[in-house]
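Okay, so here's just one chain, in structure tokens, the form predicted on its own.
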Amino acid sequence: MKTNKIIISILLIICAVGLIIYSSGSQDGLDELLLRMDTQNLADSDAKMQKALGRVQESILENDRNKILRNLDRYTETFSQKLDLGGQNAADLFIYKNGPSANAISILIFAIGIAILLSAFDKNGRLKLPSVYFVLVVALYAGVYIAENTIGSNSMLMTVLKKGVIYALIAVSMNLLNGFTGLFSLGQAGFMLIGAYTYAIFTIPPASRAQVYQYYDGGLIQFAMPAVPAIVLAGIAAAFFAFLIGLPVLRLKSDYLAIATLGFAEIIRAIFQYDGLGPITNGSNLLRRFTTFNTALFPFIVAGVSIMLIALVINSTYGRSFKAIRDDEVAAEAMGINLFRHKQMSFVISSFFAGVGGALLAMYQTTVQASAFKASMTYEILLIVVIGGMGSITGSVMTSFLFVAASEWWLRFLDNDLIIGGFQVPLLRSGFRMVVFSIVIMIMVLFYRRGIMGDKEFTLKKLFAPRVKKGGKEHD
């Protein structure tokens, strides 16, 4: 059995490496492929064909893959009768067009091979579950990458995935505070605003600052940072403000804390629009031309790493202290837990990741304006946390995608007039979508008062664990 696993894993790894090498070679050999397709050099005597071929070659020089694929499709479809599109040429053309997907599949095959190889030497079965999770994570990222390169990054599905994963990070950060520590805070939009502005301000290229800060003589800051350090700085800025604000407000409880943090978010929004800070924040004007992500994998990677870090905090000794404070502050204090220090720690950590989420949201929207970070944004995140389950990371993640998909995609048809056989369906008009969405939310809250997941987590171990009947016998 061990030998078979080793052989299978080696074959999978070799197959994955071979596919990557073949795919990489096809990406670099498009010029040669174009020559091989025109075996009779018909482009030399056909002006239209030569012009179409020239567009493809110009796109290659510009290194714009989307433009290359558009011009290549027009060239092969228009002159399919004159080109040799069979045999090896067809295979090379297919691999070139689907190169990113082929690479993603190769990485997935490689991950499966590594997982099988580890299981072959895992005598105690300790690596079985981590290996499965590793393969599932790689499959998730490969699936996102393949979807983006097949249906397009501007499709509604990709829009839902990108916004959903950003909301998932923000919801989990809010759940750390509200669900796991029991602090009712409504300042999430304020910390997202700080993160978004910090990221945007420090990633606008110096050459573009005169145009962006046209009313403030090009602004005060005249340098730009790389995207990843700027995202970290966005989280640090949000955490710093949380530390300062937490000193007075974390001594409040329940509704008083919620009102204080909500007031902070509104004050921050007003301050960032103040003309006196215009050389830094651009006042009430848009911030734009900052660095954005080119692939959906970027927000998925950043959000995935951030959620993993939050999960590690929750499952640490500090996380157990947070839960103790949530369950009973008096008992927690009697056990030696410093209430204020742990509340402040939870508040700062939650705000740090809210700032990171704000930076990702800025990258997704490509522009930043303080007026967009209203209290309603906090209410949306709170709604996701409540429906997913206060105290459930997986509940917040799943509900984030469901919330974004339902509000921006699945119910979109309700905003359009519908006529069936000359009869116009009543009520269907602009804005009716949100009415139905509100009713769906009310039903969810009524029937799932503790949320979809409650305080439970979705794990493979629980999914495949044998169920127990009333008589005490196990069955699959």
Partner chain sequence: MTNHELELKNITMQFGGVVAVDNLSMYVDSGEIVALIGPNGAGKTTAFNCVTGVYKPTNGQVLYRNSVIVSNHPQGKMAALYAGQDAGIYKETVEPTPDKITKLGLARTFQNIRLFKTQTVFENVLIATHLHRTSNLLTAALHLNYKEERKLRELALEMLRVVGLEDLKNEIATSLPYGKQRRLEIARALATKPKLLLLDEPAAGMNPQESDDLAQFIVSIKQKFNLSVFLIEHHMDLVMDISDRIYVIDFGKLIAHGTPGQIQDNPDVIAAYLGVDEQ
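Residue numbers count along the first chain shown, from 1. What you see is a predicted model; the values in this text were computed from it and never measured. Rigid core (definition): largest C-alpha set, two forms, superposition within 1.5 Å.
Absent from the display: the form predicted in complex with the partner chain. The rest refers to it.
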{"property": "K253 within 4.5 Å of the partner chain in the model of the complex, heavy atoms", "result": "no"}
{"property": "Contact test in the model of the complex: E457 vs the partner chain, heavy atoms, 4.5 Å", "result": "no"}
{"property": "Touches the partner chain in the model of the complex: T181 (any heavy atom, 4.5 Å)", "result": "no"}
{"property": "Partner proximity in the model of the complex: A375 to the partner chain, non-hydrogen atom cutoff 4.5 Å", "result": "no"}
{"property": "Candidate stretches 342 to 350, 101 to 109, 380 to 388, 365 to 373, one within 4.5 Å of the partner chain in the model of the complex by heavy atom", "result": "342 to 350"}
{"property": "Listed residue (L129, I151, M335, I267) with a non-hydrogen atom within 4.5 angstroms of the partner chain in the model of the complex", "result": "M335"}
{"property": "Selected contact from D217, E77, D84, D328, since only one has a non-hydrogen atom within 4.5 angstroms of the partner chain in the model of the complex", "result": "D328"}
{"property": "Contacts with the partner chain in the model of the complex - residues in 316 to 332 whose heavy atoms fall within 4.5 Å", "result": "S316, T317, Y318, R320, S321, K323, A324, R326, D327, D328, V330, A331, A332"}
{"property": "Threshold 2 Å Cα movement between the shown form and the other one at R320, rigid core reference", "result": "no"}
{"property": "Rigid core fit then K374 CA moved by 2 Å or more between the shown form and the other one", "result": "no"}
